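Before any questions on binding or motion, here is one chain by itself as structure tokens, the form predicted alone.
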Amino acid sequence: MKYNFDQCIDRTNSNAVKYAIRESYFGKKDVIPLWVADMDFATPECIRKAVVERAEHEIYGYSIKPEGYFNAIQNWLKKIHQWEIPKDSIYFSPGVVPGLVFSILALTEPGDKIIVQTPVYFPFFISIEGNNREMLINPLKENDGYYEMDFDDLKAKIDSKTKMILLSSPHNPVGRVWKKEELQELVEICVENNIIIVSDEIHADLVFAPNTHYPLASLSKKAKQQTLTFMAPSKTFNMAGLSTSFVIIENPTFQEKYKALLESYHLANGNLFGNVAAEMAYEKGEEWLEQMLVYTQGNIDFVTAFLKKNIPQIHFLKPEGTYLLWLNFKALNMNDSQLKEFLIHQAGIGLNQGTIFGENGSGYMRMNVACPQSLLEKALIQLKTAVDLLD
């Protein structure tokens, strides 16, 4: 089946965050929204049909996850990521960020230090500091737009209070897909210092060839026992509103503590429609995903060519994964506040400000390119017009 990713779908009256709060967030309601990390592509038809079919049943009562739900996850991870996991290692989370919080509450104590590698997905920060833990910043090293983990800095900063690291893999916002050797070195450091690895792998399926995503916990027995891996079909298949993430935990102690906390909040069963959608996504969504990645890669190439030809002052390194671009605006010689106002009021586009991902995000903006190319082209033309007027 051929999918149409050029289709422009009106989301303005659907309560979509990306559109519904533009005016309150940007102070202007007509900016082109390329910020919130969901897609403007139609959710795969197989998923929509499954949800509608279940919705036609007369009762929406309490439900359990069927055997097919677990089988679908296991089969997907084995086929796509060559990772075999037992059914009893799969636990529910209403979202990856809530899952991070559950992990922090279940496995650390107030005052403990938790590592983040900035610039990084900004909810990591509130997940730590909002729960009375201390954030330990281990900035990524950047060389001409290419980011790597700074292991020397990490080892120098670890102390007896350092208990956990929140890992973004693939990395949001810089687009790195970590190499096996990088992940293995991180595991060795964490095992040596008894640091729990909480790996946010929600973008695991959104990787461009020739890069390969390696689930960190799949690398070795040590990695498996040190790691909680959070995944979801939400980014992959554009179904974030169904709140259906999961975590893979193979360490018995971690399992027991996570499960106890989840049950204390009475959250273990999840969302009726989310369960249905997740099972169908992993059973029948692969063809859609393959075509979506090709289209999104085309969008990335389109932005690359457009900027090179028309606005060479703005540039980025092509991401190895995710549908997010980490744009470098430093050549415009604006401070972060000026850049934000310029993009909103002169260019009329809404992006995520780099500094929300950490101090080393200064001068950058994050752009979501999972949208019809016509919308992307319109945004880039508006940006070019605005930049030309600066001369």
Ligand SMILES: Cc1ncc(COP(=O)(O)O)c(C=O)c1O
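These numbers come from a predicted model, not from an experiment. Numbers follow the displayed sequence, beginning with 1.
What comes next is about the form predicted together with the ligand, which does not appear here.
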item: Of Gly298, Pro139, Gly145, Pro98, the one that lies within 4.5 Å of the ligand in the predicted complex (heavy atoms); value: Pro98
item: Candidate from His81, Arg133, Lys163, Lys235 lying within 4.5 Å of the ligand in the predicted complex - any heavy atom; value: Lys235
item: 4.5 angstroms heavy atom contact with the ligand in the predicted complex for Met39; value: no
item: The ligand contact in the predicted complex: Thr227, any heavy atom under 4.5 Å; value: no
item: Contact flag, Ser103 vs the ligand in the predicted complex, heavy atom cut 4.5 Å; value: no
item: Distance check, Ser245 to the ligand in the predicted complex, heavy atom within 4.5 Å; value: yes
item: Which of 183-191, 197-205, 287-295, 83-91 sits within 4.5 Å of the ligand in the predicted complex, heavy atom basis; value: 197-205
item: Sequence-ordered list of residues in 160-190 near the ligand in the predicted complex, where near means a heavy atom within 4.5 Å; value: Ser168, Asn172
